[in-house]
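Before any questions on how it binds or moves, here is one chain, the form predicted on its own, in structure tokens.
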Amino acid sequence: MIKTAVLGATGYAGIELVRLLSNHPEAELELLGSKSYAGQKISEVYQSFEHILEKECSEVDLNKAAKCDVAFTALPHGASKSVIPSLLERGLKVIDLSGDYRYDSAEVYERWYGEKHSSPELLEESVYGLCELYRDKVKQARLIGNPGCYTTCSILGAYPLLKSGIGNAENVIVDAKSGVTGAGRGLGLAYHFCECTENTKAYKIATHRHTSEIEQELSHAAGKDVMISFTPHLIPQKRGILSTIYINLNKPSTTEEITQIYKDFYKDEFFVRVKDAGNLPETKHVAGSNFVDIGVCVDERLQRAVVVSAIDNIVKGAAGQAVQNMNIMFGLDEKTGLKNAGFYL
């Protein structure tokens, strides 16, 4: 059994990890780290775990964590990098759900996150944990920067077209919409029920941190620097991200031809479902699952591909992807503990 620690177990991403790991046939939950709820059973904090998991939360204790094989750090941005070097020194593998180890460059991180990176040397060995693109590197890694939610949805949606060269890397536009869980469990007026319900709004236009993460990976796809226009929106639902991506085409193409590029690129990927031409994703088809659904439509009048991708932001966009990374790191079938359909309702 893989002994696991979840640090930050009572946030939305953390508790989704606990839910997935509590039912994982090859994983054992050893440590539930929570500063706010130390001393309380997880079933008292989240009563959905009654009769399922009665384990007590505790303060983050690195010596206790040292008894584990892998630590999931579901901590706020900036907090992860203060504990991860010590976890690595104690021999653990680490899967970090914050933005602290997702970047190739400390300079880019510091520019977008507004603080110095305290262990930039670890960026050289951390692996960007987008399994469908970096599976071979994940297998050998001891430190994974688990991708963000908007980024997972947007990168997987745009990558095949830019990689093929048929998609033009200039003027890529990503219009993305997220459920409220993407903001985390912290309190804030903008996320109160009366502020969110029956309301849709754009925010952080041209300044959202995930812009830099998407640009990093799409630059790898295109083989040159890519800058995108990224606009996130908050929508009145709990789970789900829908990204609509606009990419101009370098040669005349049809919806069927571009769809085939995607089907060929993801033909061996269980968790990526490319829709047939004329069929587009919906968030309710992926909610509660680790799947990414992708559909393509070509506006032949403008010779522009419109790519639509959908994920559950706290499963494939966070906890599910983290478990998928763990499975690969420990030589398991990567579908282990994740092969379930979405909620739909």
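Quick note: we count residues from 1 along the sequence shown, nothing fancier. Since we're looking at a predicted model, the values are computed, not measured.
Just so it is clear, the following notes concern the form predicted together with another copy of the chain, a form of the same protein that is not shown.
A.B. asks: 217 to 225, 122 to 130, 201 to 209, 136 to 144: which one contacts another copy of the chain in the model of the complex at 4.5 Å, heavy atom to heavy atom?
C.D. replies: After filtering at 4.5 Å, what remains is 201 to 209.
A.B. asks: Check for me whether another copy of the chain, as it appears in the model of the complex, comes within 4.5 angstroms of all of K81, G99 and H117 - heavy atoms only.
C.D. replies: No, the candidate spot makes no contact with another copy of the chain.
A.B. asks: Does the 4.5 Å heavy atom contact test between V308 and another copy of the chain in the model of the complex come out positive?
C.D. replies: It does: once another copy of the chain is placed as it appears in the model of the complex, V308 has a heavy atom within 4.5 Å of it.
A.B. asks: Is G342 close enough to another copy of the chain in the model of the complex to count, meaning some heavy atom within 4.5 Å?
C.D. replies: Yes, contact at 4.5 Å.
A.B. asks: Can you work out whether P281 and another copy of the chain are in contact in the model of the complex, taking contact to mean some heavy atom pair no more than 4.5 Å apart?
C.D. replies: Residue-level check for P281: yes, a contact with another copy of the chain.
A.B. asks: Contact between K251 and another copy of the chain in the model of the complex at 4.5 Å, heavy atoms?
C.D. replies: Result no; K251 lies far from another copy of the chain in the model of the complex.
A.B. asks: At 4.5 Å, heavy atom to heavy atom, what parts of 264 to 285 sit next to another copy of the chain in the model of the complex? List them in sequence order, or say none.
C.D. replies: Read in sequence order, the residues that approach another copy of the chain (within 4.5 Å, in the model of the complex) are E269, F270, V272, R273, V274, K275, N279, L280, P281, E282, T283, K284, H285.
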